[in-house]
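Two separate entries follow, structure 1 and structure 2, each one form of the same protein chain as structure tokens.
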Structure 1
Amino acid sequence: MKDNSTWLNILEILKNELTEAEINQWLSPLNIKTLNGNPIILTAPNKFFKTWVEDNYLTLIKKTFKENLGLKSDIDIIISIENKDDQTIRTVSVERNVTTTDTTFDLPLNKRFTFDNFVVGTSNRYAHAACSSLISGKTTANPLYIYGDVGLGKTHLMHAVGNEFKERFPKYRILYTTGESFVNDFVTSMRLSKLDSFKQRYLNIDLFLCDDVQFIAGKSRTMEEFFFTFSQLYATQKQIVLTSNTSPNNIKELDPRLSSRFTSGLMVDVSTPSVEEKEAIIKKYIEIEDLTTQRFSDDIIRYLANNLKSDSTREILGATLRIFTLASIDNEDITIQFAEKHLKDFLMKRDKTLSPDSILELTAKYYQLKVSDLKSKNRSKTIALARSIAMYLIREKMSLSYTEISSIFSRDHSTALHAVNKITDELLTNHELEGTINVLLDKMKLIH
């Protein structure tokens, strides 16, 4: 019996070790035939795939099963029964793709990533609205630039845009790639003297989707070519959607011309989900993957949302799939005790009490700063905002006087008063700030 959801989770984990092109080319066509037993059995579409994966990826696959699912079984790869009849044809086709001088690196859209199964919350509602408006024609933002930390849904939204465009406008020419694949494609095209075909492939499109565009930074020739591609597509009014792990101005070694172009359209960010959003994400995932929902009580879902230390949607779903898979193998019910036993590396350690210091640590971590930055005299925009938020939270949760709060930061008491009042006033109209405060408040609930 195939277990595609587990295999998809394994592929997500392998993205930390392999390029997306490798995964799509060689590992996505595989499936799990048998997970219970020794060996674990994977199916490949033909003999060529089987041999290639055994020679190049089998050791890494075994390691991933062991470290993430606790399965130490051997792994065998067999040829899928339904593909045996056309094995010769498929093998010849794959071999031709491997040895050809065609340098196409654009990647397929993931049909599973749609607007219907995207959970909208405070942390991502502006990004979702921007993508939806793009589809409906209510905005002409170009480029649309989505940024945020790893695993928060940027790629899901980008694929959803591509899939929706494909359904609504069948004649649209859509190209989805990643910054890394663009670099590889460009370098290979230069090596094979195929730059003309490279340019034609990237310019003869209607919708350009580039994920993790930050990977082109620091590579002068690639950035120059990307600037040319971007400029040509923009000049001919082709839609461009980009994602990155940070805003353009924070990408180190990015050509200033590209930074200027990226910020010329609509920039929207995705932030860490609240506990309530995490619950909704887990419930949606259980429903979509049909993970026998009766196994997951509301208490279990709430426990996962409150105790998983990662804010990454990808890792949250990976942990959910892990306990479902292990419970299925052991034929056990999913209880809080079972989750604690099998998710030790995924859960937060509750060894702190809420205090001004712990609030400072949480705030600094959220903004990827040091506590010393918050206490410093640095008045940069990010540090000043984080410092004001920390003062506001200490006032709200610890009920300290303004003088006591200011002393923590080695400042006059009026500084804390001003900061708390400023945050209080901005919360009335600034929804992004409201989302940030809510996330930090949720994290504080987990500190006893």
Structure 2
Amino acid sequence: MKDNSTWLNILEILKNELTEAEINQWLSPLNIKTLNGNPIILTAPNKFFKTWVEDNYLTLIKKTFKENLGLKSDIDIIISIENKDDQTIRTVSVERNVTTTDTTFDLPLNKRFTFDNFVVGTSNRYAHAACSSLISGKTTANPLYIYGDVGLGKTHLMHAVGNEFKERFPKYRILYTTGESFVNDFVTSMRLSKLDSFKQRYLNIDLFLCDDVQFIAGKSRTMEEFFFTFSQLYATQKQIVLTSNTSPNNIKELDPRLSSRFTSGLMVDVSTPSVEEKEAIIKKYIEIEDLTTQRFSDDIIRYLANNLKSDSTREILGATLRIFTLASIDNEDITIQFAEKHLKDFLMKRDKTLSPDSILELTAKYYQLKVSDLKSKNRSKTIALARSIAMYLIREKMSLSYTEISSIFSRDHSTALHAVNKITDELLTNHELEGTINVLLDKMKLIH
């Protein structure tokens, strides 16, 4: 198992150079067979993987071995399923749950992309519901078309559908591919005059998952073949799920016959997550990846959710992993200062002038009070309310801990927690309060 963890480390390092999707798709299914010696031998689940990785990633892999492990050996890739007696390799590929079938162009499903590991929120509610309804057979959505910006969970949901079908209906033939891989498969099949087996492969399935389908656009022969495949599967009532970075009508150079087919089923989008969703996703990620040796406090998670520049879940999780790795290496606590220092390029430019003081001033002014009233022990109704609102706003905007906020008001550490909870509860029903908070939030936007 030692080699397995070396490979996982290499993948971790490669995350700096490649997208997570590339790593999941192409490199996770590989493994190290022998590390000592020249060449280093890696195993791939099938020929297509071997060629693809050799053509696209071998130089980078070699460089990473050299720079991080000091290994200058050449690297050879062999196909693992040819070597059926090799128990070690078999166990490893079972562990990773790589679907190795005899079809060369199938891509593996990522075992970790499950419904259980997916956080549902307003940004992805419909997409999630549509995917789950496929499983329960409660829908006739065909095709199901999921679209949205990169990093928002489309691939995750698609794999979740595949994984769930695989578990519930073991006899189902599932084919997961990407637009890019479909193009390659088609072009290769043409070149080798193997179009028949290509057709055979794509038609002989029950569930067709095609991720990032936009990649077929602009390639007329491929689109024609895709149209044929689609129509045949559709006519025989096979479920089709597609994802894309945009709606069918916005894909440039997509055959109109395809966009009309793609729009004919159910289209759902995924949008950028709210701060609360980001927090929940980060928490889930920490749990799944077991990033627990270094403690992520709720304050840090909230800080990350509030301050990271990108709304892409992929990048948010990347930053979380980065901070975890750096803290583990130096064995440091993950504090806001630590995160600030190490995530500089990933953080939003902080509004320099928005501070607890400016929030206090704004709130006091709104209620025609003085800042000193808010900080005083006076418990008259208006002052107490204004004080609680100020605590709530500082918490919303400044990512300070409750203890820190309480101390601004010279209060016991749990005071801010109670005040913020009270306002949060109250906001659910009290529209006047909601209006006040919105006015104050708007005013804060004007501070420069």
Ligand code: ADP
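Each form is matched to the other, and the largest set of C-alpha atoms that superpose within 1.5 Å is called the rigid core. Numbers given to residues start at 1 and step along the sequence of structure 1. As the structure is a computational prediction, the values presented were derived from the model and not from experiment.
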**Q.** Structure number, where the criterion is the form predicted on its own
**A.** 1
Q. On a core-based superposition, does Leu374 travel 2 Å or more at its Cα between structure 1 and structure 2?
A. yes
Q) Once you line up the core, how about Lys72: does its CA shift reach 2 Å between structure 1 and structure 2? A) yes
Q.
Could you tell me the distance the CA of Asn31 travels between structure 1 and structure 2 after a rigid core superposition, in angstrom?
A. 7.0
Q.
Once both forms are fitted on the core, what is the Cα shift for Ser388 between structure 1 and structure 2 in Å?
A. 32.9
